[in-house]
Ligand code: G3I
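Quick setup: one chain, the form predicted alone, written in structure tokens, and binding and motion questions come after.
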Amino acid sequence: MNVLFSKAPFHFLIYFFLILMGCSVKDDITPDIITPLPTKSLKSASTSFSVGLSTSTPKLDLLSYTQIIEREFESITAEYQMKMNVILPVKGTYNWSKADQIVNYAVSKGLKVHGHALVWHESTPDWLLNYQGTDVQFEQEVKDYITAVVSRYKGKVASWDVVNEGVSDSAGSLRNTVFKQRMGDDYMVKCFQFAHDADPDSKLFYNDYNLETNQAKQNKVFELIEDWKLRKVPIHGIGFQMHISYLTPKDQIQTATNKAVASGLLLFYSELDIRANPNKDISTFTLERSEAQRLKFKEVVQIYNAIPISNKFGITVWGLKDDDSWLLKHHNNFNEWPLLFDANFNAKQAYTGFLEGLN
């Protein structure tokens, strides 16, 4: 620790403060890759689109998180607490507490909220997954849910991921979810209409992953979008989740982005993180890999920042600090550092790269 303190006494103050707050502090980051926060924040450096962050209710009770959220970001997305299995875990019994906390915090701080996500096969509550009623009744349950959620937050949540990950990873086909099985191939169209009817002013998105690298999936999504546009389906934007790595080719990101722009829709880089160790070939976060990650963050932001303003919606980073990442929680990939801040809330070179991409 002495090396860290001698090079950056400011970080000693943060460290001491966190200990007083009872926080767990890890010292697993090479001191040379720590980046002091600049005078200009990410949100003030971004002049044409919103810079956002995913978060959850426990983090909103911690000053160490909220200080950075309020300094750096202008929008938040609930990581998981505005999904169906949290809001409606039991048929007919809505639990609004966690979603309300996130929305109320955002409103009190002047932050935007992006709603995530109304329909996602992995957040379907058991009672709906094993629904015993007719298909018509199933569809009514989905309509009632979307109507209730979007109506409750009308005027507070101005945009929604209506359907998340509705296209499969292979063969360019629809994912065979319970929604497709019970509501038909047009279930996404129906869900967009339900959301629009509940709040005609809300911006509605289709959101998915690997759209920049999986050609079959990309083709299917844009095929659906063109069909929906012809049919006047109320869709306003497409979300590229952007769970990528420092090795993801720039030309693939650029090509997919160009297709989104050509569609005329808003484009949202909705869940950005950049893996520094996709091949699991390092056990510590090296200076070399930190630099590669910085350059990729810069590249991604530059690509987005260069699109026409009429297509811009925002970039949201999927988590604040490395040890919060879903990659550690759900993939047990503990040798990974995909975000802008390290485990001790220190800005990384990745943060610098994001900022450089805005300039």
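For clarity, every value in this text was computed on a predicted model and none was experimentally measured. Counting begins at 1, following the sequence as shown.
As for the form predicted in complex with the named molecule, it is not shown, yet the points below apply to it.
Peer 1: Let me test this: is every residue among 187, 190 and 220 within 4.5 Å of the named molecule in the model of the complex, going by heavy atom positions?
Peer 2: Contact check failed for every one of 187, 190 and 220.
Peer 1: Here the chain is shown alone; which of 214, 241, 75, 202 has a heavy atom within 4.5 Å of the named molecule in the model of the complex?
Peer 2: By the 4.5 Å heavy-atom cutoff, the listed residue in contact is 241.
Peer 1: Have a look at 257, 177, 159, 164 for me and say which one sits with a heavy atom within 4.5 Å of the named molecule in the model of the complex.
Peer 2: Looking at 257, 177, 159, 164 one by one, just 164 meets the 4.5 Å heavy-atom criterion.
Peer 1: Would residue 194 count as a contact of the named molecule in the model of the complex, using a 4.5 angstroms cut-off between non-hydrogen atoms?
Peer 2: So residue 194 does not count as contacting the named molecule.
Peer 1: Taking heavy atoms only, is residue 40 within 4.5 angstroms of the named molecule in the model of the complex?
Peer 2: Result no; residue 40 lies far from the named molecule in the model of the complex.
Peer 1: Hey, in the model of the complex, does residue 313 get a heavy atom within 4.5 angstroms of the named molecule?
Peer 2: Residue 313: no contact with the named molecule in the model of the complex.
Peer 1: Applying a 4.5 Å heavy atom distance criterion, does residue 285 contact the named molecule in the model of the complex?
Peer 2: Residue 285 lies outside the contact set for the named molecule.
Peer 1: Of these, 87-95, 241-249, 103-111, 151-159, which stretch puts a heavy atom within 4.5 angstroms of the named molecule in the model of the complex?
Peer 2: Checking each option against the 4.5 Å cut-off leaves 241-249.
Peer 1: Using a 4.5 Å heavy atom cutoff, which residues in 75-95 contact the named molecule in the model of the complex? It's fine if the answer is none.
Peer 2: Heavy-atom contacts to the named molecule in the model of the complex: 79, 80, 83.
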